[in-house]
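Shown below, as C-alpha cells, is a lone chain in the form predicted alone; questions about how it binds or moves come after it.
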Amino acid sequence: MDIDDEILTEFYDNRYAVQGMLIYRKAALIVVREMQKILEENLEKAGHEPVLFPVLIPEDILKKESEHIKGFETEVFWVTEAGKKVLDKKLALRPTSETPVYTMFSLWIRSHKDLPMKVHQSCAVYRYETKQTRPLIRGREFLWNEGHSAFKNLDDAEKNVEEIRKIYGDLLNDLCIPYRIHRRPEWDKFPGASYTLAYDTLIEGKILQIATIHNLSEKFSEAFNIKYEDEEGNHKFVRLTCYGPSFGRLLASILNIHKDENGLKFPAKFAPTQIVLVPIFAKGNKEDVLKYCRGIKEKLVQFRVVLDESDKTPGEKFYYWEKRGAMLRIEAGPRDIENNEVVVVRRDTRKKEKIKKDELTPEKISEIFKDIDKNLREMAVKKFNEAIFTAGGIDEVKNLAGKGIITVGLCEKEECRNEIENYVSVLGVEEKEEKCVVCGKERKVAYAGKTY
C-alpha cells in the first residue's frame, strides 16, 4: 500500500517555503530520537567524544582538500552577506564536516598520546540537491550523525572501520532493516577517500543508501597538516576515517519496508505509539471500563501508551491505530473486567490472545515486543532476498532495472560501464570471474540497481 498523506503529515510537512526542507513532526522525532540515542550511546562506548561544530564553514577551509570540494561544488549553499554588509569571505552551510573537523584536529593532535581521536555529532547538513527532491530520501537539509576519527596508521584505521560496521549493523538489526554493504566503485567513492563502504537497502525495488563509511587517503591529513610525534620523536601524518547514517533515510526505510495493506508497522522500540488501549463500552459502564483501562496504563508507564477515550466505535479505533502502527492493542470490556483479563492483539500478525490483568507486566510486554521484532526482521529479510537477481545479458539488466539488486558480469572498460549505467547504477564490484554482459570478456561481478 501507499502510505496515506494523512498519516505522513503526522511525521513531516514538506510545504515549507524552501523546497527540499522538511518540518519534522512529533511521530518522526520519536523514531529519530530513539535511533539517535542508540547510535550515540554505542559510539560513545567506543570512545567517541560528542561535539557540535558550527554550521558555517569559511570558503578557504572548505577548499583545502581540492578533490573533496570538487565533489560538492555544485551542491554548496553559500552565505555572502550579513545584514547590509557583503562578506569578505564566503561562508558555506555545512554540506559535511570533514574540513572544519580536520582543521581542529590539526590543533588538537600533537603527540601519539592524543591518538586515537574520535568525535561524533548529530546535526543537519545542507546540500543544494539538483535532482527532484523527495521527502526523507532526497532533500536539501537532512538529519544525520557523522563520525570523524584519527589514528596512527592504516591498521588502526581499518580496525575502526570494522568497529563502525558492527555499530551500524547493530542499529540496523534493531530497526529490522535488511541491507547489503557494497564497496563503491572508484568513480563513485566519497571525494578524497581511499575507499567507501555503502549500506544499501531496498524500497519498492530501488536502492536506497542509508549509511556510509569512508577510509580517507592521506590527502586529507596532508591538506590540513594533521601530524603527530611518535614514540621516537618522528613526525607523521595521521590516518583518518569518517562515517555516517542518514536519520531521514532510516525513517523512510522503516515506514516503507515494514508497511502492509493495513498501514504502518514498526520495530516495537521505535513505534510512535507502542500500545493503544481500547475500552469496549456497554450501556452504563463507561466509567468502570475507563477506570480498569487507566489502571492498566499506569502499569505500563515505561512504554508509549495511548488510552483512546474518543467517541469512535471500537472498529473505527482499531482501523485508526492499525494505520498508524500501534504495535500492540489492548482491549477491555465488561466481560474482561469480570474475568480480570484483557484481550491483546499484535499489529504484525493480528493474533489475539487473552491475558490475565495481573500477568500483563512490563516484562510480558517486552517479551511480546521482542517476538514482534523477530517476525518483522524475518519478513523484511525474506522480501529483500527475493529481490536479488542475476542478469546474464544487457536485456535482462534492462528488464530487472527497478526491481531490486542485480548481480551482473562487468569488465573495467569505461564504455561497458557506461552501457550498464544507462539503465542502472553500479553499487560495487567484486573479484569474481564472470563474463561481461556488454563485451563478453571475463572480468568481475558488479552489483547494480536503480537508485533513489
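Numbers follow the displayed sequence, beginning with 1. Note that the coordinates shown come from a computational prediction; the quantities given were computed from them, not determined experimentally.
This next part talks about the form predicted in complex with a further copy of the same chain, which is not shown.
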Considering a further copy of the same chain in the predicted complex, which of 280, 91, 223, 337 comes within 4.5 Å of it through any heavy atom? 91
Of 328, 207, 380, 143, which residue is found within 4.5 angstroms of a further copy of the same chain in the predicted complex when only non-hydrogen atoms are counted? 143
Among the candidate stretches 259-267, 78-86, 305-313, 239-247, which one is within 4.5 Å of a further copy of the same chain in the predicted complex when only heavy atoms are counted? 78-86
Can you tell me if residue 361 lies within 4.5 angstroms of a further copy of the same chain in the predicted complex, counting non-hydrogen atoms only? no
Any of the heavy atoms of residue 319 lying within 4.5 Å of a further copy of the same chain in the predicted complex? no
Going by a heavy atom distance of 4.5 Å, is residue 187 a contact of a further copy of the same chain in the predicted complex? no
Is residue 55 close enough to touch a further copy of the same chain in the predicted complex, meaning at least one heavy atom pair within 4.5 Å? yes
Pull the contact list for 16-31: residues with a heavy atom within 4.5 Å of a further copy of the same chain in the predicted complex, in sequence order. 16, 17, 18, 21, 22, 23, 24, 25, 26, 29
